[in-house]
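Below you'll find only one chain, the form predicted alone, shown as structure tokens.
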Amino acid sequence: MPALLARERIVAKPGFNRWLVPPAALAIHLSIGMAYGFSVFWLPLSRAVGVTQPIPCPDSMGFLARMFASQCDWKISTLGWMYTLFFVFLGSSAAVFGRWLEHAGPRKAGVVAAFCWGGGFLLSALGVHLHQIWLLWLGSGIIGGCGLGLGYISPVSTLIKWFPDRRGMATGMAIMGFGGGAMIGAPLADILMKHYATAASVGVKETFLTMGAIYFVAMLAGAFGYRVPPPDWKPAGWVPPVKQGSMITSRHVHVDRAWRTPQFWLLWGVLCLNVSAGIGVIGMASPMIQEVFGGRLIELPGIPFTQLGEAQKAQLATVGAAFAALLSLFNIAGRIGWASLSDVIGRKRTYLIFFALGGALYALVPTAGQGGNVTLFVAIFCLILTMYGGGFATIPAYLADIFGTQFVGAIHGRLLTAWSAAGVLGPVLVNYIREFQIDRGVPAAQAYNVTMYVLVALLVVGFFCNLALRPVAERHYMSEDELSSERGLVAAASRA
């Protein structure tokens, strides 16, 4: 098995079709993308003991006691910690294991990711069976989160080296899968839970077991589909442009030097601020459109959300869910669309568009809401979500332009800590500003206005971070001797 996973075993032979690599990456990203769809399990798990109705734990029961209680149901807020763990451990594991991945190769990293992600589902199934929430946090949250990190970065360096002529498009194709994983996984989970549900079970345990097995096989297939090009490989007939842009280098910066450069931290800020603005909206998309437009969404104009009956609110919930699904589609489209466009207009210009256009759109949201223009409101957020997804897909190519391709996977792993930070900053800003506004008597329909202007401010800061980017100083580049030595270490590690 170690020999089968060795990096030297996956160096492509002459004539290999590089277009076989993106589907392998997509198989892994579609699997781990189910992290976005885990909320489909919350309601069934909140009545795992009661089955038909939740059995609440006594109010006097402390936090530690609830972690081990098996006779009462979990709160959705307790289950939601799994979602936080996903993205904290995605960023931290990508940062810690990124350099190891460069030496071990994408196949070995993909196999480890498959064991972590698939195994996390199995451990979570045991947690449901024993009704121990800490096993779900450990299984899917922590171990699965590590699988997310390794699976997310495993194809990045490989695809960039296979597609030096189309870096943005190549990474966009793979990362598009992460945005679309929930669109396949969430309906599949719903079908499986209904199939396995009985009078004594909500069907989540069996669904975890089934999906864990499916994802494990799919991710192994993807990992064994990976191939890496020989050193300095170029597509047949492709000649690097004679006049490369000043932001594109043909040299390489070592990962241990890259994070000490101002360019790394400016890009960290660029990613964090772009994601913070988008992720906050994603988390509140459904309630936001319901509270802003109220009865207008169901042909009852003039009636605010708070004055609608339960049946009418149920209708609004359906509209809100459809809005969230629509945003997911534009999130996916933006990943391949903007990343491909960045190959033509450049990474820096692409992010300048994200921040300038995004800021203008966020500033326009209160006007669209107060004017009751549902179509404009929806169009604004659909376009915003394309730039949210495009930011994820464009950043690996941006890193390759700035720091070279030798360590781009490891550098990308460390940069993903910005995602972890944004996963806290964005939702906290949106949720707490909204609550503060409502507590001060602001109508729910107007409670998001200040939030939008705060997000504009974040994007303005991101605009100037991106504008400040310059080529890396000469002293940070690796010499030819250092590069040869590093490639020798990679070769030695692949034979070990």
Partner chain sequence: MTDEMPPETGGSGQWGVVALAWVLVGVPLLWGVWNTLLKAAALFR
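Numbering follows the first chain given and starts at 1. All values reported here derive from a predicted model rather than from experimental measurement.
Below, we turn to the form predicted in complex with the partner chain, even though it does not appear here.
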| query | finding |
| --- | --- |
| Interface segment, criterion being heavy atoms within 4.5 Å of the partner chain in the predicted complex, picked from 207-215, 409-417, 76-84, 187-195 | 187-195 |
| Close approach of F16 to the partner chain in the predicted complex, 4.5 Å, heavy atom | yes |
| Touches the partner chain in the predicted complex: V281 (any heavy atom, 4.5 Å) | no |
| Any non-hydrogen atom of S328 within 4.5 angstroms of the partner chain in the predicted complex | yes |
| Contact label in the predicted complex: G309 to the partner chain, heavy atom within 4.5 Å | no |
| Heavy atom within 4.5 Å of the partner chain in the predicted complex - the one residue of L352, V378, M247, I345 that qualifies | V378 |
| Contacting member of K161, H131, R166, H252, with respect to the partner chain in the predicted complex [4.5 Å, heavy atom] | R166 |
| Heavy atom within 4.5 Å of the partner chain in the predicted complex - qualifying residues of 16-54 | F16, N17, R18, W19, L20, P22, P23, L26, A27, L30 |
